[in-house]
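What follows is one chain in structure tokens, specifically the form predicted on its own.
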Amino acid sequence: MDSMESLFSLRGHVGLVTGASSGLGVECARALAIAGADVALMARRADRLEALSAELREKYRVKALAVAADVTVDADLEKALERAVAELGKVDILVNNAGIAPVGSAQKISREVWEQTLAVNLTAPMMLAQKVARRLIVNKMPGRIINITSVLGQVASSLYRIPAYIASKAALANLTRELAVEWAPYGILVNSIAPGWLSTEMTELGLEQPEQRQRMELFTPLGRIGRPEELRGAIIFLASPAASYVTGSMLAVDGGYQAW
């Protein structure tokens, strides 16, 4: 690895990104395409996926596939993965990005909301990682799995009451470590990225409130909200040959939020 190309190129690889219809999922897909990977895009909003896949093909000259699927439905996951493999040849990079963050205090949250949050944020990443890893192991291929967690998987929220989200992201962070240990013998590297306050569809309502935005900026050492595209470098690094000795790690992209 003695050149930029050999360190960070993803040419010849195929990534699958969940939650790719908006926010950080879009940036994860763009990052993989920038580095040369072909990309399968998974989410429920098919029209947005089609628009993004067209953008990736035209701008980055990679293959891009839109696959409408609900990550909480096992049959959807299986069909989506089968289609990605059939049309793109393989999937050796998985980015588990899909997530929801319902607001509601611990004393009021319903079982239904709690279980739905865990289904999207924790169970779906596990099931999809399992399906991808099984194929890689059978075919004796190495791979990369990147789970998008959150700084709020490491600390409590001082701004919103989101117990289900925080619990699910904390669990996903530790699940990442377990999968890294179990799949290391097969050359499958599993890491997580913990974003801080980035400007996305999920955070836009809070950012529109001056007091809430001020609190986000106040508790971020860099003193500003992050741009979604600032996640790209972390994605490329963890998916690339440059991270060949990195597994079971969490990379914070948070403006220093956890450094206080």
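Don't overthink the numbering: it's just position in the shown sequence, from 1. Keep in mind that what you see is a predicted model, and the values were worked out from it rather than measured.
Keep in mind the form predicted in complex with a small molecule is missing from the figure; the text below concerns it.
Residue contact with the small molecule in the predicted bound form: residue 244 places no heavy atom within 4.5 Å of it. The small molecule in the predicted bound form comes within 4.5 Å of no heavy atom belonging to residue 249.
Interface residue remark: residue 144 is not counted as part of the site for the small molecule in the predicted bound form, having no heavy atom within 4.5 Å.
The small molecule is not drawn, but in the predicted bound form it has no heavy atom within 4.5 Å of residue 14. The stretch among 78 to 86, 103 to 111, 183 to 191, 147 to 155 whose residues place heavy atoms within 4.5 Å of the small molecule in the predicted bound form is 147 to 155. This chain is displayed alone, yet in the predicted bound form one of 120, 93, 164, 128 has a heavy atom within 4.5 Å of the small molecule; that residue is 120. For the candidate spot formed by 8, 174 and 179, no residue has a non-hydrogen atom within 4.5 angstroms of the small molecule in the predicted bound form.
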